[in-house]
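Form predicted alone, single chain, as C-alpha cells, below.
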C-alpha cells in the first residue's frame, strides 16, 4: 500500500494508527483536514494528531471506520462498544462527525 493511500492518526499519548485513507474519510472532520486547500500540515503529511483523544478511544474509532465501510457495502454486522467507553466515544464521535 502506498503512503498516499494511508493516513496516520495520532492519539493523545502519541500512539500512531496507520489506516487506509478511505477508512479515515468516514469522518467528515478528518476529510476536511486532509482535503482542505492550502498548506495545512495534515494535508501535506497525511497525519492528524488528536491531543484530546486517548489511545483506547482512537483505536475504537479506527475499528468503527472499517466497520462503517463494510456496513456501507452491504455487510451488516454488529459493532460492539464496551459500556465503559461509551461516553468518551460519543464525545469523540461528535467531534469527528462520524
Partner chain sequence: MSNNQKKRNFQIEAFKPKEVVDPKYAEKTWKILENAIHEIYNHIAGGLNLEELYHNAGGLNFEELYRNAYNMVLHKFGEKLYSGLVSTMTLHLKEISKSIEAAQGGLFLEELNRKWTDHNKALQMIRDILMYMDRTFIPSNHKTPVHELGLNLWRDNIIHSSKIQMRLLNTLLELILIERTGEVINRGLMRNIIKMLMDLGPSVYQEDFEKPFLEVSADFYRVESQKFIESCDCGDYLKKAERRLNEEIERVSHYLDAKSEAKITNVVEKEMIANHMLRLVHMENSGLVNMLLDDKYEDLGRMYNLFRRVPNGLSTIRDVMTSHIRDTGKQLVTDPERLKDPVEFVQCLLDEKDKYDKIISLAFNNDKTFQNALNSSFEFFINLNSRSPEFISLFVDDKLRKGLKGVSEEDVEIVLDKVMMLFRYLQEKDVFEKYYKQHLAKRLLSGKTVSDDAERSLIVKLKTECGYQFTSKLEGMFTDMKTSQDTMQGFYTSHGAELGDGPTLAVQVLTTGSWPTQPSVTCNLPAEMSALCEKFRSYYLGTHTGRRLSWQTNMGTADLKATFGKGQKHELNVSTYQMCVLMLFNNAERLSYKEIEQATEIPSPDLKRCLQSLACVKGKNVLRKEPMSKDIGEDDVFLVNDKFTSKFYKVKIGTVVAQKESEPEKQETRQRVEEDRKPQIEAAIVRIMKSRRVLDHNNIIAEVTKQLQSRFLANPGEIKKRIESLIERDFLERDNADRRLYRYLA
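Residue numbers count along the first chain shown, from 1. These numbers were taken from a predicted model, which means no experiment stands behind them.
Although not depicted, the form predicted in complex with the partner chain is the subject of the following passage.
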Under a 4.5 Å heavy atom criterion, is residue 6 part of the interface with the partner chain in the model of the complex?
no
Is there a heavy atom of residue 71 no more than 4.5 Å from a heavy atom of the partner chain in the model of the complex?
no
Just checking whether residue 19 would be counted as a contact of the partner chain in the model of the complex - the rule being heavy atoms within 4.5 angstroms.
no
Taking heavy atoms and a 4.5 Å cut-off, does residue 89 contact the partner chain in the model of the complex?
yes
Residues within stretch 49-65 having a non-hydrogen atom within 4.5 Å of the partner chain in the model of the complex
49, 50, 51, 52, 61, 64
